[in-house]
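Only one chain is given next, in structure tokens, and it is the form predicted on its own.
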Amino acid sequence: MEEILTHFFADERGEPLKVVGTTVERSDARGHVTGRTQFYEDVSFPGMLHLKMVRSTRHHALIKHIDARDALAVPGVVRVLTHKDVPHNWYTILRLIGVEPNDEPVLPEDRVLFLGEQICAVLAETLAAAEEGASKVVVEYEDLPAVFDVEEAVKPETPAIKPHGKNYFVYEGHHCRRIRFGDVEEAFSTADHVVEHRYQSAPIEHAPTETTGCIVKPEGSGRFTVYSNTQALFFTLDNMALILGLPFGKLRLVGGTVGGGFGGKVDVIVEPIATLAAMLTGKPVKYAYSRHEEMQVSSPRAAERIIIKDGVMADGRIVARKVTLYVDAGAYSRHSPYGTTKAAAHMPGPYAIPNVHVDAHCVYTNRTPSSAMRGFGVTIGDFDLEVQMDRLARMLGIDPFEFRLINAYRDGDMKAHRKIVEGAALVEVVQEAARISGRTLPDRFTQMSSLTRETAHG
């Protein structure tokens, strides 16, 4: 046991870790509780304009005409921006890590794909004027059929909601991210039990205390200073430069303080259009979501549908696991193709299953685009996998702790996506969880280790 504790709870020099199990004060805690922390909204500049978006009232429609004349007649309204004003009218969120094609316009050119999609930006001297101006923009639509179910979306007869693609992300020529390890069908044929269950999650909104927003100030040097609550300053800077056609050195981002993010503030939505507005007017510009906008259009955690089919032996060994996963990306990719890859790689969970088959689909629907949230691509799948493990344990009449130890992977095992397991610690975590909960495990389970592979079968 001493060897195991040293392996998992010491640094590379063998010295005991000093943080685990102790109370550590957050570096920013005192500033928050004393009110000294500066957020982006604490900045204000003379002559600052306010930006409000005209948003789609349709789930899926062609834009036939936009009439902004009444908006421009509102006292205090300065300008209305459309897609024609955007130098490079594509969000490039995943281009920097080699994931293409770009599929989301900064401002839509001929159609909207989800309720609340931003259509055009109204700039005004006051927030009230911007809101009134936005309410007076008339958009003429031609409604199109909307698709909201992931399995319906991928059917061959369902029309693609985007003109340049399919209703799913294409991974290296395939309709899904695939994992093939062993032969699940052969293993199913020899298993004592074959069990299949379906799991479904809904989108989950981050609901940060501070809504998404930024303030952009033109500088005399020709640079633009962007005060933002983004969670990814350099990621935001790079994407803004590509969209606006500016050298990277022309942009300076100030941030790092986020009033709640949880992954929801990594999308580069408000900064490019606010900076464009500052470029075109020469004035500081503020673009901040209202609480209603935050709840409606900020990227939630993706809804997921997972079908898990297991082949299991009477002694508790899982010999095959087949997983079909649908990730609802909503109308556009954002981070979902990456999150779906993470989801596929996480299957079949932390278990040594010799035969694994995974099809992970990144699906487009006419819902709000989803994106990052606290372990996205893993969290929902983890919950579903562990519910499945409990169901199997109950069916077999095996203690759920013991059932997990029977199937736990160890250091040196080959994962289904062909990576070697390192630093597993699962066996020790399950043993400790059993101890804390008052469950006494048989000796053959207490003697197990993640560093070696013993058999747990009587």
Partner chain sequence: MARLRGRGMASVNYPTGMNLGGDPSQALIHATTTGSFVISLSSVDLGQGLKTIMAQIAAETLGVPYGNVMVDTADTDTGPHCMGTFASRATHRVGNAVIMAAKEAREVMMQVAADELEVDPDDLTSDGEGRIHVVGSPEKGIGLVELALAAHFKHGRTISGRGIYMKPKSDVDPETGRMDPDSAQAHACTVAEVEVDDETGEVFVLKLTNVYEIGRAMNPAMAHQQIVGGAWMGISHALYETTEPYYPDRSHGPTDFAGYLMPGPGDLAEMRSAIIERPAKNGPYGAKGIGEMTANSPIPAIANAIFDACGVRVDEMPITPERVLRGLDALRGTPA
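Positions refer to the first chain, counted from 1. Here, rigid core means the biggest group of C-alpha atoms that superpose within 1.5 Å across both forms. Just so you know, these numbers come straight off a predicted model, no measurement behind them.
The same protein has a further form, the form predicted together with the partner chain, not shown here; the description that follows concerns it.
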Exercise. Do residue 246 and the partner chain come within 4.5 Å of each other in the model of the complex, heavy atoms counted?
Worked result: no
Exercise. Does residue 368 make contact with the partner chain in the model of the complex, using a 4.5 Å heavy atom cut-off?
Worked result: yes
For this session: Although the partner chain is absent from this view, report whether residue 70 comes within 4.5 Å of it in the model of the complex, heavy atoms only.
Result: no
Exercise. Does the partner chain come within 4.5 Å of any heavy atom of residue 64 in the model of the complex?
Worked result: no
Seminar exercise, completed: In this chain shown alone, the residue from 154, 179, 80, 86 with a heavy atom within 4.5 Å of the partner chain in the model of the complex is 179
Seminar exercise, completed: Residue within 4.5 Å of the partner chain in the model of the complex by heavy atom, from 102, 135, 324, 296, is 296
Seminar exercise, completed: The stretch from 274-282, 102-110, 253-261, 316-324 that lies within 4.5 Å of the partner chain in the model of the complex, judged by heavy atoms, is 253-261
Exercise. Within 220-242, which residues come within 4.5 Å of the partner chain in the model of the complex, counting heavy atoms only?
Worked result: 223, 230, 231, 232, 233, 234, 235, 237
Exercise. Is residue 443 one of the residues whose C-alpha moves 2 Å or more between the shown form and the other one after the core fit?
Worked result: no
For this session: Please say whether, between the shown form and the other one, the C-alpha of residue 65 moves by 2 Å or more once the core is aligned.
Result: no
Exercise. Does residue 27 move its CA by 2 angstroms or more between the shown form and the other one when the core is aligned?
Worked result: yes
